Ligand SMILES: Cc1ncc(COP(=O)(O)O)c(C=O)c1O
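Next up: just one chain, as C-alpha cells, the form predicted on its own.
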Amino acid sequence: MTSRRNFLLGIAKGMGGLVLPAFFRTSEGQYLLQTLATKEDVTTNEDFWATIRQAYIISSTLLDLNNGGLSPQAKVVQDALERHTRLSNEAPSYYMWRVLIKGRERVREKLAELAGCAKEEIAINRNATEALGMVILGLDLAPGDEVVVCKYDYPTTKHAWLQRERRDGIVLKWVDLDLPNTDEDALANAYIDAFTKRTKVVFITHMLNWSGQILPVRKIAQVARDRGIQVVVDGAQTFAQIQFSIPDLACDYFGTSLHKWLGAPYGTGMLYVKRDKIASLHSLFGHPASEETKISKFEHLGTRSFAVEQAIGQAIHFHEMIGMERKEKRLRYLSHYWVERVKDLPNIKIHTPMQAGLSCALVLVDVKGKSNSEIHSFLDRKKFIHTTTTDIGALKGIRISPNVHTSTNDLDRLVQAFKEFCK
C-alpha cells in the first residue's frame, strides 16, 4: 500500500516531467491522484466519484444501469485499444505475431496477481462462456457420471452441460434454490444434499446474474473436495466486482469475463485451471503435445486481436488505481442507496438480499401486478434508463446494476422514476 501511495503521489507531482495522459494533467486528474494516494474513505464522496466519471465517455441522456451485462471501458483503455489496433494494421503479421504477442505474459502476470494465483494457472480468452465451455466440454466424464448444476446457472453454461448429457450420457442433477436467501448453510446444503457416490463434478455460479445473489462457493467446494468431487465456478459477475482470491474459493476451475467489472475490451475473458488439473483437462481446440501440461494449451483459438488482449493491461491499471476494496464498497453503497429509497413504495419487492457478503452491485426489483415489459418500457422509453429483465423460477423483475461512474444523482433519477411508476 505504501509503495502504491508513493507511486500515485509521484504521478500527481509529475514524476520529473513524465508525460501523463491528458486527463491526469487536469486539476480534476491531479485531485483524483492525490486522493487515491491517501487512506481516505471515499465511499460517499461524490466529488471523488465525479472525478472517476470523467475518465469515461458517458452518455449525457441515457442512464446505463445494466453494467452487469457489459461495462464501459475507461478512456485510457479505449486509447490503448485504438493505439494497438493502428500499430497492428501497419504490418499485421509482424506487429501482432512478433511484437504485441510478447506482451501476453505480462498481462497474464497481472491477471494472476488480481486472481491471487500462479500465472501458470491463467489462460486468456474471449469471455466466460468460452472459458467455462473449455472446462465443461474438456472434463473426462463417462456415461452415468453425475454433475450437480443449478436451474439458476447462466444459459450458455446450462446448454454446454446439456450437450454433454446428450453426447456422453452423463447425468445432470438439477438443484433448485429458495431465493432470495440469507441462510448460507441452506444454500450450501441444496448442493451438498445432491451429492452421491456417482457425483464427479459440481458447477457453482458465484453470483447469480439474474438477481445478484452471492452463493457460498467455499462451503460447497470444501465438502466436494473431501468427497473427491471436482469444483467448477462461474465467476463472470464477481471478478473485479467483489474482493476475493480464486484459491480461497477452493475450486479447481474458474471462468470469467473481463469486459464486465474489470472494464476490459469487449471479447476478453480468463480461465483458471488449478495446476494439477491442467494435464487431465482436454482443450477445446488442438494443441502441440509439448503443451499438454501447460496452461497455454487452452489459448489455441486461431487468429484473434492481440490489440484487444493488450488493452486488458490498461483496464487492470485503472482498476488498481481505484483499488478493489474502495470499488466494492462504492458499488455496494450505490445499490443500498437506491434500494433504501424505493423498498417501501407500493407493491415494490426486492429479490436480492442486501446484507454484506450476499450481494453487491446487482439488485433485482419487481413491482407486483406489473409485467416486466411494462416496467422496462416505462424506464427505457419514458425515462431513458437502460436496464435488463429477469424471469426465471421465483425471480422476476428488473435488474439494476450501477458502476463506479454512476452518481447518486443518477440513482435519484431512478428513484423518481419508480415513484412515478408506483403511483
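Start at 1 and count along the sequence shown; that's the residue number. The shown structure was predicted, so the numbers you read here are calculated from the model rather than taken from an experiment.
As for the form predicted in complex with the named molecule, it is not shown, yet the points below apply to it.
Taking the partner from elsewhere, residue 397 is found to have every heavy atom lying beyond 4.5 Å of the named molecule in the predicted bound form. Although the partner is absent here, residue 335 lies well away from the named molecule in the predicted bound form, with no heavy atom inside 4.5 Å. For the chain shown alone, residue 195 is not a contact residue for the named molecule in the predicted bound form, no non-hydrogen atom being within 4.5 angstroms. Taking non-hydrogen atoms only, residue 211 never approaches the named molecule to within 4.5 angstroms in the predicted bound form. Shown without its partner, this chain lists 312, 147, 207, 331 as candidates; in the predicted bound form, only 207 has a non-hydrogen atom within 4.5 angstroms of the named molecule.
Proximity to the named molecule in the predicted bound form, defined as a heavy atom within 4.5 Å, singles out one entry of 352, 230, 73, 237, which is 237. The partner is not drawn, yet in the predicted bound form one stretch among 185-193, 251-259, 317-325, 289-297 has residues with heavy atoms inside 4.5 Å of the named molecule: 251-259. Of the residues in 150-188, those that come within 4.5 Å of the named molecule in the predicted bound form through at least one heavy atom are, in sequence order, 154, 156.
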